[in-house]
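What follows is one chain in structure tokens, specifically the form predicted alone.
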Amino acid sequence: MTDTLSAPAPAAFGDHEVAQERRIVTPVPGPKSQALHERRLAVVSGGVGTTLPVYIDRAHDAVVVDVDGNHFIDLGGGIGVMGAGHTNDAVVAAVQEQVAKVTHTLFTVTPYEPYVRVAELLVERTPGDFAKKVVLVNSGAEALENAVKIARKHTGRNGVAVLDHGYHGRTNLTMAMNFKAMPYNLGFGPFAGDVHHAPNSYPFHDGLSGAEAAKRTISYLEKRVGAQDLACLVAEPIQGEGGFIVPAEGYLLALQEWCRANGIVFVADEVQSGVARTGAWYASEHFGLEPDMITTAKGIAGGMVLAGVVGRAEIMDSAHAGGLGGTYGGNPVACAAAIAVFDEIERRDLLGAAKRIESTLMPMLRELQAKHPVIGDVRGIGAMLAIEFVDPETGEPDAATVSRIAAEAAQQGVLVLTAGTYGNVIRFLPPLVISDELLRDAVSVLDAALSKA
């Protein structure tokens, strides 16, 4: 596929430029970052962890620049938030215009047009040819909380089903929905009840077909919980923190059909996989899904704080007036940013860009796999790709190598994110505007780090 976004052009913001290139000029972290980190340790809770104590001063498209002047290729994009690129010009302009008009009134008191427009865009872009409605909130976890309570209100049931290796947030309810305890849940209980974990589809490890994996999941839920007691089943089409697990073909569709047959609301958690990330507006499309509800956040507003729930109108209207909302939910400035993001996705064909990233990056990752036996699996769709590390002889997860690779890559100017229940996955969530040149450079750094490790 032609790389239509490959020309690296410096972006000017006041007196600053962000060249689209990797450039390390000090040790990592540099002296200014180290000084800032000392200030941080004195006043910021130790519970707020830091993967890399490098303090960012400015950014544009796919490059972030720290306070010491080091330029890093960003393959994490704020954990999938910066799909349209850091400081996207159109998003910045939309925010500047809106913040000078109305910054806040509270939509449930005196509403405004940007909230309505975002809802219209979500209704248009999410899968399913049926009437839909929307509620806007602040975060992915808050979207999940609202999806569950709407499903409970609609069905009159309490039970919530989730899948092994899933991640849904850090609130009390969503912690109960998470599979992995450390670091998200440990010591923070007691958690919300009536949440039931069922086995998922993990082709690299279980070897099951979609039909076989679905039969296992459904059998567990019917026997352990009972379909008649479930309000909803919440599933990530591609599991995020769990390690970008792509289920076997037909698995999710079978779960959706089972839910419909039993009056269970099927909720697709697309907080990480949505908004053009996989080369479709929402990853559900790749699996033929038409979820009853979809949760969305991260890439929706170019770094501004916004999330939402989109669902069948009759389900969304189950909530009584005043039952949904919140002080900052659907803030007008964040909504203006989201409108600009949706426009940028279409204007710059970022759906096509996500497919280009897959066609460029996936072959390079497979070459790494052929060269380095510690890479057991390469997987993903669009610009949501991952490599899983295992001991070549035993097949056991190899988190230690992942930690060394991530640390060495950062020293050389490439930022990668780790993931996986066992910490043995490197995931790639680059801004969709990243060039092929930057992707090739980043992979060369990973190759060298793997050889060194």
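Since we're looking at a predicted model, the values are computed, not measured. Residue indices: 1-based, along the sequence shown.
What comes next is about the form predicted together with a small molecule, which does not appear here.
Asker: Counting any non-hydrogen atom inside 4.5 Å, which residue from 170, 286, 71, 348 sits next to the small molecule in the predicted complex?
Answerer: None of the others qualify; the residue that does is 170.
Asker: If the cut-off is 4.5 angstroms on heavy atoms, which of these, 330, 311, 140, 247, is the one near the small molecule in the predicted complex?
Answerer: Selected residue: 140.
Asker: Is there any non-hydrogen atom of residue 92 lying within 4.5 Å of the small molecule in the predicted complex?
Answerer: Result no; residue 92 lies far from the small molecule in the predicted complex.
Asker: Does the 4.5 Å heavy atom contact test between residue 146 and the small molecule in the predicted complex come out positive?
Answerer: Heavy-atom contact with the small molecule at 4.5 Å: absent for residue 146.
Asker: Quick one: does residue 272 come within 4.5 Å of the small molecule in the predicted complex, counting heavy atoms only?
Answerer: Contact with the small molecule, yes.
Asker: Within 4.5 Å, heavy atoms only: does residue 236 come near the small molecule in the predicted complex?
Answerer: So residue 236 counts as contacting the small molecule.
Asker: Given the small molecule in the predicted complex, answer whether the residues 79, 241 and 298 all have a heavy atom inside 4.5 Å of it.
Answerer: So, yes: the whole triplet contacts the small molecule.
Asker: The chain here is shown without the small molecule. Which stretch in 353-361, 256-264, 132-140, 215-223 comes within 4.5 angstroms of it in the predicted complex, by heavy atom distance?
Answerer: So the stretch in question is 132-140.
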